[in-house]
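Just the one chain here, laid out as C-alpha cells, in the form predicted on its own.
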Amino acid sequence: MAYQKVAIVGAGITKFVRRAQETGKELAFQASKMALDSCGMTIDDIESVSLGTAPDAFDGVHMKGEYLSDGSGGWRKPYMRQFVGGGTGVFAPIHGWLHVASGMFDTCLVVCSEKMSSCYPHPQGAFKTIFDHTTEQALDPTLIWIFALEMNRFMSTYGITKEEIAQVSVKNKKNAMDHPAAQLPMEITVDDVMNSETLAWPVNRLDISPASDGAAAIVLASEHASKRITDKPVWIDGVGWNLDTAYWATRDLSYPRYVEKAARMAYDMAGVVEPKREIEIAEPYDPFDYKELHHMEGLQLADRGKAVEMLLDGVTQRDGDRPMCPSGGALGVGNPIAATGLMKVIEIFLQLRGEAGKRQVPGSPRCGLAQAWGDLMQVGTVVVLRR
C-alpha cells in the first residue's frame, strides 16, 4: 500500500511540574497553541486531532478523552483518543501519521496530556487493579515491585551492577539541566543514587522518574501541505508497535522482545538495515534508569547485555558517538506518562533541525528515533524520524 509522506512541522511543550495549577484542558491547550504558533498555523488549519492520554485513573477524571477534547483542539473536528500506558506518547503520533499517510487528511494535531496530581492518593493506586486476580493480585504487587524484579533479572543475567546502572540517572538528570520543560534537572553522583531511599530492592528513589503534570503537541502535515508551512520538515520514516502478553511472570524479563518487534516494524518501513550505524541519536524510554539500557538492546542499538558498556565508555553521552536521551529523558525532564513519549519525539525533531539549543548534539544528525513502552511490560512503540 502506498502512503503519503508525513512531516512534523511544529512542536510545543509545557513545563513539566509536580502539581500544575492548570487543568488538564489548559495544559493541552497551552501545548497545542505552542505547536501551532511554532509553525505559523492556527487551529483552523488543522483537519484532525490525535489525542494521547493514559488511563483515566491516572488523572482521576472519568471519560478523560472527551474531557480533554476541546482543550486539545478537537471541537467539531475528527478526533481520536488512544492510550497504551507509557507507550501512549509515541502511539499518538503513530495514529496521527496514519490519519495523514492514508490520504484522509493533510494536517493533524497530535496532543498528549497528563495531570497525574489530580489522582488521590497517588496514580500508582491504579496499578493495584491491573494484575491477574488469581495468579498475581494475591501477592499484592505494585509496579515498583515488578520493576525491581525486572531490574534484578537484567542485572543478574548480564553481571551488571547497580552502580553502573546509576550512571544513566546521573547522565539524564544532568542533561535535563538544559531543557526548559524539565521538572527534576540536577547534578548528582552515583553515590547520591545509591544512598537515596530504597523503595523495593534494587530500586532506589533516584533510579525512578518523578510523577508529573504536563502536555506536549506536534503538528503533522502531508508532503504537499508541508511545503506551504516550512522549509525544514522532519519526516516520519517508519512507525512500529507491538503488544505482548500481560503475563509478565512467564517471560524472560532480561530482554524486552516487544520493543524489538516494534523496532523491526519501524526499521522495515524506514529502510533501516543496520540500526547501530544508521540511528544516530535516540530517545529510548527511561522511567527507570535501567530501562534506557534495556530498551537500547530491544531497539537493536546495542547487543544483549552490552548497552552498559556503551554507557561506561561515554558513547551514550550527549557528545558521544550515539547520544541517548540528550533531552534528559523521563528521569530528568519528568514523566507525565503520555506527554513523556511525545516529549521524546519533539526532542528528536528539534535535534534533526539543529534547534535543540544547549542540548544540541554534535555532528548534524540526519536520522533518529523515539521509543516508549507501556502497560504491564508488554507494549512497544517506535517512531523513526529523518531529515
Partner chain sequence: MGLTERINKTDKLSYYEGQIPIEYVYTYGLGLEKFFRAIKDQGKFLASTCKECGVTYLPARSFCERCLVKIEGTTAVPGTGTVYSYTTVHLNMDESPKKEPALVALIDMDGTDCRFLHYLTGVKADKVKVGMKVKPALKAKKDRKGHIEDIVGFQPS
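Residue numbers count along the first chain shown, from 1. Since we're looking at a predicted model, the values are computed, not measured.
One more form of this protein should be noted, the form predicted in complex with the partner chain, which is absent from this view; the next part is about it.
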property	result
Stretch from 261-269, 289-297, 80-88, 113-121 whose residues place a heavy atom within 4.5 Å of the partner chain in the model of the complex	113-121
Whether F29, G60 and W75 all lie within 4.5 angstroms of the partner chain in the model of the complex by heavy atom	yes
Heavy atom within 4.5 Å of the partner chain in the model of the complex - the one residue of G314, G125, G103, G305 that qualifies	G125
Partner proximity in the model of the complex: D375 to the partner chain, non-hydrogen atom cutoff 4.5 Å	no
In the model of the complex, D70 touching the partner chain (heavy atom, 4.5 Å)	yes
4.5 Å heavy atom contact, A20 to the partner chain in the model of the complex	yes
Partner contact for H133 in the model of the complex: the partner chain, 4.5 angstroms, heavy atom	yes
Partner contacts for 178-213, taking the partner chain in the model of the complex and a 4.5 Å heavy atom cut-off	none
